[in-house]
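As structure tokens, one chain now follows by itself in the form predicted on its own.
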Amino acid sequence: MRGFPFFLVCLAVAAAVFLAARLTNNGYVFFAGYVVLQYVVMAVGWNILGGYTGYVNFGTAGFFALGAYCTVALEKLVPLPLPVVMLAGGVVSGALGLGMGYLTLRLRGAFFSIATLAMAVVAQTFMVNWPFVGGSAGAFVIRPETAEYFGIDYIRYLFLLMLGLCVIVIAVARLIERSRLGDGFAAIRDDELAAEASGVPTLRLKLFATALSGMFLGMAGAPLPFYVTYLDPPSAFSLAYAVNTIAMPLIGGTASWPGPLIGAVLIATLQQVATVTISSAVNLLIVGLVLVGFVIAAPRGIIGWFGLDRRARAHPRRLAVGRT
């Protein structure tokens, strides 16, 4: 299935999901569903860098929080429609990803991962000491009762926006995976030195992956202030975001775009059920137990377990020749 028909299929599935949520006649479905969709965007976005190129990013919470704080800053400066704010948050986080990539992508393996974690710590320290966005005390954001021009409850509006963003992110990830760009990413992941020797512009591709991944993470974080109505550094830079965003693609499988999608839906849904029935304190415990189980039983994740990643692993590498 080519790009545009696949995009139409995604739109149809998204419409069916929204209709099914409305038919439940339960407002909490939208409240919890927003979190599930948020993690779908984050997992698929993280996988563009962490899965396709093999560069594990531990600083996902930094990109996510930057998008959220971009919303807080814009609300104080000039209130804009939320889709525009999400785009702005994506641009800012993508720019951060580009800058971070330029400074750190010459590192490899654990050194790169530690550098991204340090970036998130620096970003959190900056936000703690920036009074304009609330500093350490945090900031309140007033959530409207209904969405302007749509006339629906604002939580449903947030759900709809995140559902649309899911469609875009999944379509882009699939397009990359089946393109020469994806072949270049896979060559970097398999053997970066061999790819570079073959003429693949490795640094250029890694910078693009870092910027695109950061942009999607920032766009996922931009609606957060309207969802929680109060944002402070510990919640915005929560460890749960970093752990979940990395664990979900690993559980689902990083070789192809369905893996992060499956992992995010599975883990985020389990966490929301546990939050209602037990406590939100067990959310990270659930991730840890499931991740350990899959590392032992299915190292390639769910799609690898069922052999659904064969096409991705057997896909011919049409390496893009160029200069770094």
Partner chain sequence: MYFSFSLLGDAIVSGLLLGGFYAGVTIGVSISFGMLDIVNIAHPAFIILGSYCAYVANSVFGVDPIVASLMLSPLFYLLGAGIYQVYHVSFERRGDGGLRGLAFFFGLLFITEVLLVLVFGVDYRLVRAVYIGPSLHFGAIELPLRLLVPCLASLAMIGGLQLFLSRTFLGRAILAVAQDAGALRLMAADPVRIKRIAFALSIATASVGGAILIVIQPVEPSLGREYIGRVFAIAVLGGLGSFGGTVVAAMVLGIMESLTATFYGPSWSPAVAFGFLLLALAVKPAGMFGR
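Numbering follows the first chain given and starts at 1. Source: prediction; values computed, not measured. Superpose the two forms; the largest set of C-alphas matching within 1.5 Å is the rigid core.
Keep in mind that the form predicted in complex with its partner chain is missing from the display, and what follows is about it.
Engineer: Hey, in the model of the complex, is Ala110 touching its partner chain, heavy atoms inside 4.5 Å?
Structural biologist: Yes.
Engineer: Even though its partner chain is not shown here, does Ser198 get within 4.5 Å of it in the model of the complex, heavy atoms only?
Structural biologist: Ser198 lies outside the contact set for its partner chain.
Engineer: Considering non-hydrogen atoms and a 4.5 Å limit, does its partner chain approach Phe140 in the model of the complex?
Structural biologist: No.
Engineer: Is there a non-hydrogen atom of Pro299 within 4.5 angstroms of a non-hydrogen atom of its partner chain in the model of the complex?
Structural biologist: Pro299: yes, in contact with its partner chain in the model of the complex.
Engineer: Give a yes or no on whether every one of Val56, Thr254 and Val282 sits within 4.5 angstroms of its partner chain in the model of the complex by heavy atom.
Structural biologist: Every residue of the spot touches its partner chain in the model of the complex.
Engineer: Select from the listed residues Tyr230, Phe150, Phe126, Phe132 the one whose heavy atoms reach within 4.5 Å of its partner chain in the model of the complex.
Structural biologist: It is Phe126 that has a heavy atom within 4.5 Å of the partner.
Engineer: Pick from Ala187, Ile170, Leu207, Ala115: which residue has any heavy atom within 4.5 angstroms of its partner chain in the model of the complex?
Structural biologist: In short, Ala115.
Engineer: Just one of 214-222, 80-88, 178-186, 242-250 has residues with a heavy atom within 4.5 Å of its partner chain in the model of the complex, so point it out.
Structural biologist: Checking each option against the 4.5 Å cut-off leaves 242-250.
Engineer: Can you name the residues of 67-94 that have a heavy atom within 4.5 Å of its partner chain in the model of the complex?
Structural biologist: Residues within 4.5 Å: none in this stretch.
Engineer: My question is whether Phe30 is one of the residues whose C-alpha shifts by 2 Å or more between the shown form and the other one, given a fit on the rigid core.
Structural biologist: No: Phe30 shifts by under 2 Å between the shown form and the other one.
Engineer: Rigid core fitted, is the C-alpha displacement of Phe294 between the shown form and the other one 2 Å or more?
Structural biologist: Yes, the C-alpha moves 2 Å or more.
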